[in-house]
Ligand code: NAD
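Below sits a lone chain in structure tokens, taken as the form predicted alone.
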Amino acid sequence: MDKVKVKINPSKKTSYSVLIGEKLLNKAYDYISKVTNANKFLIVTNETVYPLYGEKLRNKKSEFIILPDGEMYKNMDILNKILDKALEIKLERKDAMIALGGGVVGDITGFAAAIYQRGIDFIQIPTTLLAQVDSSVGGKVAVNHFSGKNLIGAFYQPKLVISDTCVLNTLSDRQFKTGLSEILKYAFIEKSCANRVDFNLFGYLKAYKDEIYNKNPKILKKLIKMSCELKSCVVNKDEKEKGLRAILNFGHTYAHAIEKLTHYEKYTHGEAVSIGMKMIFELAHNLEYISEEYYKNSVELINDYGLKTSYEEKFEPEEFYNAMFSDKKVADNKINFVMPIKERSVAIKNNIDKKYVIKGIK
């Protein structure tokens, strides 16, 4: 088992560990008992995950709520159902919630835990690659609003993250690629995550593509650990996205607009992100922020992994552009683009002429 420490404000005891390894679900409560004194657990999962892994967590201290599966259900109505269940089973302040599922389950469970009785413990048990490398780490919890994605939420750290790599074997090819999109994101921003990193994720993805696709357990565990270490480097310095943490949104400004315009039903989050990354690379190339060579190498990596690079709809450019203003990264009525500026490095740019943005919207 590998461990990544997320060191957020040790004085407030908000630091926690990310455990990564095989068959960790079998000993989940052994790990959980070390970080919380809860007498009762509300386990939030969905109708896809529960039949696969729900019974592994069932014991006399646990109660379940099973949600419908999909991004469109990350809303206030479902949040209220979780809170109603917590009240029904008389969950107390010393008790805890467990998120068993992907990013949607993790986000909505974390937000419910943050606001229930002014905050109770919660544990993340991510069951998708995307959640294991990204959404389960860092404490961003939220629900969507019809005006935009993740507009209602909080920063609330879990007590523990348990990433069992065995669960990835049940992912569909589409869901696996969804997680790979976020991993590629880290490869494109890794030099900006920390002054020094001891590995080259971009090169690793180039060298081990076949092993990654075949879900080699050792390779996957290392890939997840590298991704979590990169995110941890950023979150440790900027928990509440006042500066550096914004770079984790690489490709997301376009992605969130795509998700909003398709009502969160057409594309997975990772598919929208891979399209968004391709679009921001094209914008950066057109503006000559990056070299021709780096542009080609980056797009080639996205293509090598068979990720989605375009949307099928014919959005009106103005409609798409306006949808980008629903994003949390808008400040002073300007869109903050996480822009590639050189190999594996990005910077925030908010002075991009509208005509160049519009040009890149089909």
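Owing to the predicted nature of the structure, the values given are computational and were not obtained by experimental measurement. When you see a residue number, it is the position in the sequence shown, counting from 1.
This protein has a second form, the form predicted together with this ligand, left out of what is shown; the following refers to that one.
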>> Against this ligand in the predicted complex, would residue 121 count as a contact residue? Criterion: heavy atoms within 4.5 Å.
In response: no
In the predicted complex, is there a heavy atom of this ligand that lies within 4.5 Å of any heavy atom of residue 110, even though the partner is absent here? no
Indicate whether this ligand has at least one heavy atom within 4.5 Å of a heavy atom of residue 298 in the predicted complex. no
Margin query: Taking this ligand as it sits in the predicted complex, is residue 48 in contact with it (heavy atom to heavy atom, 4.5 Å or less)?
Written below: yes
Counting only non-hydrogen atoms, the one stretch of 52-60, 302-310, 32-40, 317-325 within 4.5 angstroms of this ligand in the predicted complex is 52-60
**Request:** Verify the flagged residues 69, 135 and 171 against this ligand in the predicted complex: is each one within 4.5 Å by a non-hydrogen atom?
**Result:** yes
As a check of understanding, the residue in 274, 227, 128, 163 with any heavy atom within 4.5 Å of this ligand in the predicted complex should be identified as 128
This ligand in the predicted complex has a heavy atom of only one listed residue within 4.5 Å, and of 177, 159, 278, 231 that residue is 231
